[in-house]
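Have a look below at one chain only, the form predicted on its own, in structure tokens format.
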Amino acid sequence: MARRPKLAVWKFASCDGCQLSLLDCEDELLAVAGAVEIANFPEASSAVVEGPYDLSLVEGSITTPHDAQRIQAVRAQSKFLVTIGACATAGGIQALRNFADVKDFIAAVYASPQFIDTLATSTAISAHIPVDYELHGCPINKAQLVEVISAFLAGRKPAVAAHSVCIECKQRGNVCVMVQGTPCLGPVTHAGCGAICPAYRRGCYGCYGPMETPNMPALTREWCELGADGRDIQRVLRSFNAWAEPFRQESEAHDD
């Protein structure tokens, strides 16, 4: 009997939401479980099979010296490594620390800050090790996740669309909210959510991070035409994907 490929799921600084997306696959997860050996997935089971692993899924950002070392060990025992979610691909909401001095936050929050061992920044996994693929989202799209797992097991490139949320709006039949006067990040945001917010006449919040070729200055000029100011633009860009380079650069362009 042929050996089933080993799948490992790893957690770093995150909320576990992307791991829960895998567990939420339900029927699809049963098919995945039949095709692979889930060798390391603490969110699902305490049983651990030693590596090396054929495919590792990594959730979370690197925020401590310990995790900076641990991710090296994960990479060393993984044939393929895929980062999942905004934390792993862009540093997550915790990357807001990168715009200030983390020591000030520590002093304000902890009674004994001398016991806190953390890095000055929260960064994506790719800032520390080579990554084979990045799956964006906060949280990730479970159908896209199943596609990525299937693609790596089959030895092919994942068929995950690279277009913006605007395409999903058109596919869904949404009327453009920006045409109606509502600022929206849809034109520069990676597809994957199904255009949920614009379907309810709210602007896109950029949960899936920047698309491959976002024209950030053109979008923010349109926002200004709709009445937004620099503070509004910074506020919306500094959320789940604040440290993703296109969002970060454009938000910094609006510093006072």
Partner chain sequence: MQALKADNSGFVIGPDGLQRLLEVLAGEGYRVVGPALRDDAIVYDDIDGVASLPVGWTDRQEPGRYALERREDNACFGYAVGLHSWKKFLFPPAETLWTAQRGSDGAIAVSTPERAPDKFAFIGVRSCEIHAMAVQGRVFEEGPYTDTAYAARRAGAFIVAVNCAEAGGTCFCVSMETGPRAEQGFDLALTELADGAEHWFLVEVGSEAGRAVLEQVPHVPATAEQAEAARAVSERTASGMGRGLDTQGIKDLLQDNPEHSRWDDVAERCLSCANCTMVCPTCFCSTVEEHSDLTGENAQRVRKWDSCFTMDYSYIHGGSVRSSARSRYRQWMTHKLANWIDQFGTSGCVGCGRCITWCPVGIDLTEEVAAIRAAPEEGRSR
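Positions refer to the first chain, counted from 1. Everything quoted here is computed from the prediction, not taken from an experiment.
The same protein also has a form predicted in complex with its partner chain, omitted here; what follows describes it.
- Proximity to its partner chain in the predicted bound form, taken as heavy atoms within 4.5 Å, picks out 157 to 165 from the listed stretches 77 to 85, 157 to 165, 108 to 116, 95 to 103.
- Taking a 4.5 Å heavy atom cutoff to its partner chain in the predicted bound form, the contact residue among I38, A31, I196, A228 is A31.
- For the marked spot (S45, H66 and Q72), a heavy atom within 4.5 Å of its partner chain in the predicted bound form is absent from each of the three residues.
- Among heavy atoms of V179, some come within 4.5 Å of its partner chain in the predicted bound form.
- Although the partner is absent here, P187 lies within 4.5 Å of its partner chain in the predicted bound form, judged by heavy atoms.
- In the predicted bound form, its partner chain sits within 4.5 Å of a heavy atom of R201.
- At the 4.5 Å threshold, heavy atoms of A218 reach its partner chain in the predicted bound form.
- In the predicted bound form, V146, E147, I149, S150, L153, A154, R156, K157, A159, H163, S164, C166, I167, K170, Q171, G173, N174, V175, C176 are the residues of 144 to 177 with at least one heavy atom within 4.5 Å of its partner chain, listed from first to last.
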